[in-house]
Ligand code: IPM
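Only one chain is given next, in structure tokens, and it is the form predicted on its own.
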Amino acid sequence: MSSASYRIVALPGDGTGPEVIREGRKVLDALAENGPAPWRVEEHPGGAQYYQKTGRELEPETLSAAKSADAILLGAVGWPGASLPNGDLAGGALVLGMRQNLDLYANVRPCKLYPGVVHRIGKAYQKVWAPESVDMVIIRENTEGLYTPARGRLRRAEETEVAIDTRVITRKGAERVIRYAFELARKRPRGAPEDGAHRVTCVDKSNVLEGCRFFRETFDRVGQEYPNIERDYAYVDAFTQWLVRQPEHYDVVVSTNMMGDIITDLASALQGGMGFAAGGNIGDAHAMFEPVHGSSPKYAGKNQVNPTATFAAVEMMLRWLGERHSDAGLIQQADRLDRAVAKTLADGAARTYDQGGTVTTSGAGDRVAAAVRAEPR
């Protein structure tokens, strides 16, 4: 067990966010039992519902706390009817704002199918993958692309005539996220499930878009520095079918911001749905981890949503902290949590409504916490 004390800032946010963060903290408490906790968690309010109450998306001290934290754990952001005066959805400061302010340039989305979990491709699609056939990580650039705030409208006589969104692809932005992908592929022990190859797939639309051509050129240039990593290519429209038809081919995938945003949500269906999808927003000095299912307003307050993605986000956070600080104790804790989650999924003990079960959000947290306690330290 680590003796260091890491400061974690939790941002529960909106809707079901506070519910899943509560369960994330529950498993953190279980991991820390029988010894001094190597972390301390402090919560800060913010988001769309906070904006509706206060007129502010977050407080200045929240951003200061995030900047000085060792890691950030985000619940969810967004609420119906909560918008800023410029039309943007309220609460974005907790997501897009943190990504920009902390330069969290790599959005890291693992896609892994655990034993006992049923994929969500559809009842008509009868292919059943062995869990070991779905095990990839999708990396998307997180600070530029079409989400760069270079946009606007031309209004005349109070009518919008033109709306413009400008995509920005920079050498720095492309190079560092692509290098992150190759470095990750080099460290992953297993490689692609299909053949064990350490492979990075570049997903773009370089047959049409100039920015994608530049992104692919950068991919090839950076890839030459990694001769033991296979370079693979896919146009984004073709990739969407290949991802579903042959997920075992993929090890690490890298793409631009909006394309990556879309394909990662598609990939979540391979692992059981958004209730299992966690993501890391990672930079050189800071990182924020989150379940990516959103605030799910219609389920808020019902103690019903699947908290597994939050457990996966906590596991990612502990592993990132352990690797960043060369702290083997934290990595062991991440491994304990991963084994506990896998066990409860395999035996159905934490099966929530989205997998045909009846376990509540808090019930799933109780079962995973119990499985953590049963894991050897």
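Numbering starts at 1 and follows the sequence shown. Please read these numbers as outputs of a predicted model, since none were measured by experiment.
Below: the form predicted together with ligand IPM, not depicted.
Undergrad: Using heavy atoms and a 4.5 Å limit, would one call residue 230 a contact residue for ligand IPM in the predicted bound form?
TA: Outside the cut-off, so no.
Undergrad: May I ask you to check whether residue 114 falls inside a 4.5 Å heavy atom distance of ligand IPM in the predicted bound form?
TA: The answer is no: residue 114 has no heavy atom within 4.5 Å of ligand IPM.
Undergrad: Considering only heavy atoms, tell me if residue 226 and ligand IPM come within 4.5 Å of each other in the predicted bound form.
TA: Judged by the heavy-atom cut-off of 4.5 Å, residue 226 is well away from ligand IPM in the predicted bound form.
Undergrad: Check whether residue 244 has any heavy atom within 4.5 Å of a heavy atom of ligand IPM in the predicted bound form, and answer yes or no.
TA: The answer is no: residue 244 has no heavy atom within 4.5 Å of ligand IPM.
Undergrad: Using a 4.5 Å heavy atom cut-off, are 99, 140 and 292 all in contact with ligand IPM in the predicted bound form?
TA: Every residue of the candidate spot has a heavy atom within 4.5 Å of ligand IPM in the predicted bound form.
Undergrad: Counting only non-hydrogen atoms, choose the one of 244 to 252, 159 to 167, 91 to 99, 175 to 183 that falls within 4.5 Å of ligand IPM in the predicted bound form.
TA: Heavy-atom contact with the partner occurs in 91 to 99.
Undergrad: Which pick from 79, 147, 235, 299 sits with a heavy atom within 4.5 Å of ligand IPM in the predicted bound form?
TA: If I apply the 4.5 Å criterion carefully, the residue I get is 147.
Undergrad: Counting only non-hydrogen atoms and a 4.5 Å cut-off, give the residues of 259 to 282 close to ligand IPM in the predicted bound form.
TA: Residue within 4.5 Å: 261 only.
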